[in-house]
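Shown here is one chain on its own, the form predicted on its own, set out as structure tokens.
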Amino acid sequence: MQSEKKEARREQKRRDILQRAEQIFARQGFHSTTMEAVAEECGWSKGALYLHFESKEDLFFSIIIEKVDQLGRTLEDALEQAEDIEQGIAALIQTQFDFFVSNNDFFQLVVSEQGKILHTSDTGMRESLIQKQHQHLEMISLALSKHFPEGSPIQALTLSRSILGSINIHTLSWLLAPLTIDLEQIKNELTELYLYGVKRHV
């Protein structure tokens, strides 16, 4: 029991660090953020911070992985409530867009700096992130496949990749120029497109 309480306290401290570090990274950028600044924000010594994270890269990627996990849990709950493929597609598009919007400050940072950090990282976090993203895609594909009729010419994995790819490109455009894009309209149009196709509307 004592060890369980200790582990719970450690996990709570880790989550507190991730939350505070996310705010600092979003405000200052990856390269301008230091472990000293994060430790000071948390009210800790730098040495205590290193008990939870080996480096700034480790901390940064841990935040991204935590975001992927949060999105996965939110999506899984939404997709489980879908009673057919139409509801599943609508839930996927709605939930994914809403998550990006509610976390837009951090995802702006990810868009601007993740690529550079990914290509230079040798911490092993890159592989962990890629594995998480694959698991995320598999979960969505499995949830949608439950509503596919037997012998469907469309694979759930293909549909999932296509929807996520569409969302990502529109979200990226919005993050780069938020005042020029009506995200609600884009969300509605994508839902119509994947539910009913182009032919119905042209």
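Between two forms, the rigid core is defined as the largest C-alpha subset superposing within 1.5 Å. Just count from 1 along the sequence shown to find any residue number. In this text the structure is predicted, and so the values were computed from the model without any measurement.
Keep in mind that the form predicted in complex with the DNA is not shown, yet the notes after this line are about it.
Contact check for Ser141: every heavy atom lies farther than 4.5 Å from the DNA in the model of the complex.
Within 4.5 Å of any heavy atom of the DNA in the model of the complex lies no heavy atom of Arg161. Taking the partner from elsewhere, Lys46 is found to have a heavy atom lying within 4.5 Å of the DNA in the model of the complex. Mapping the unseen interface onto this chain, Lys187 falls outside it, with no heavy atom inside 4.5 Å of the DNA in the model of the complex. Only one of 34 to 42, 151 to 159, 164 to 172, 64 to 72 places residue heavy atoms within 4.5 angstroms of the DNA in the model of the complex, namely 34 to 42. For a residue to qualify, one of its non-hydrogen atoms must sit within 4.5 Å of the DNA in the model of the complex; all three of Lys6, Leu51 and Ser55 qualify. Put the two forms on the same core and the Cα of Ser55 is off by less than 2 Å between the shown form and the other one. Once the rigid core is overlaid between the shown form and the other one, Cys42 counts among the residues whose Cα shifts by 2 Å or more. After superposition on the rigid core, the Cα of Ile17 moves by 2 Å or more between the shown form and the other one.
Compared with the form shown here, the Cα atoms of Gln12 and His136 move at least 3 Å farther apart in the model of the complex.
Shown here is a form in which the CA atoms of Arg10 and His136 lie at least 3 Å closer together than they do in the model of the complex.
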